[in-house]
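Okay, so here's just one chain, in structure tokens, the form predicted on its own.
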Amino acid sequence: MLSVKNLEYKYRGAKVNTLKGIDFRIHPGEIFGFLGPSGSGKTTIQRVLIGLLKGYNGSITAFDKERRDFGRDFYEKIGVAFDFPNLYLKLTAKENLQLIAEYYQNPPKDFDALLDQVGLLPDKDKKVEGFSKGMKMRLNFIRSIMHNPALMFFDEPTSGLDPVNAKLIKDMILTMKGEGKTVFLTTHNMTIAEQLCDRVAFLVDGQISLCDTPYALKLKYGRKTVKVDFLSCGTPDTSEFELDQLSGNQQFLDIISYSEIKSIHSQDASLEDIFIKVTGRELI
């Protein structure tokens, strides 16, 4: 769906490249996450990929065609939602959708149904200038997918949303994946990445330092131990054991045989723990 080879980009007047030889591939039906702190190059790479920034070096192939060879037809195939919604504040929510729909060859017809998907149907005739950031984010999200694109670019898609509406957006993204859609997602929120992404790439200072599935990364960098919380003679206690020695560890066997177990679980590393360990940087 999308292949990037030796991608480099430098802003006019800058002394060094912002993107420094980036390589990755995204497969059809995959949610691919670009993770990194502010200033790592996440937004730059997204803007290069969708065509807002020109003059890159290297190769970007989308839909089996070099990105720089596309015309306006490229935007019929993609959807884009940035962290900072760019909406027409003096128009209503429905009018925003109706206006943007005019740019597409196959515009949607049922705007009420679109607004209902993100809980904005009751507010369809209200001007967007009175919307909260969360309402604007939801409107911007539905605007980015209303023309049924095959490839979507989301930048911090749950930013500014309460837990209920964040789950709504995450569920919609997973539903689209189930329909075969492809998603390129940039975020510094590792929880979102763990919940949504099939693969993630760690981006620091314009370079990819690591790329794999969240599961594989956790197996590789997690602590290979199991933690047991139990009651010992009525008193809460905790013990931790090496995973590869459990079958012959008499203390562990005694605890699970004779104590009241409250919880038992392996000590998985979070993506944030792994990011800090691999890059030496924090996600801020």
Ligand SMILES: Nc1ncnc2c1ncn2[C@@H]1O[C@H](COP(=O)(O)OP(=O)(O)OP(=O)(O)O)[C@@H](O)[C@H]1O
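What you are looking at is a predicted structure, and each value in this text was computed from that prediction instead of being measured. Residue indices: 1-based, along the sequence shown.
There is another form of this protein, the form predicted together with the ligand, and it is not shown here; the text below is about that form.
Although the partner is absent from this view, S38 contacts the ligand in the model of the complex, with a non-hydrogen atom inside 4.5 angstroms. The closest heavy atom approach of E156 to the ligand in the model of the complex falls within 4.5 Å. Taking non-hydrogen atoms only, K136 never approaches the ligand to within 4.5 angstroms in the model of the complex.
Heavy atoms of H188 reach within 4.5 Å of the ligand in the model of the complex, making it an interface residue.
No member of the trio Y88, N96 and K124 reaches the ligand in the model of the complex with any non-hydrogen atom inside 4.5 Å. Heavy atoms within 4.5 Å of the ligand in the model of the complex are found in exactly one of 61 to 69, 38 to 46, 213 to 221, 236 to 244, that being 38 to 46.
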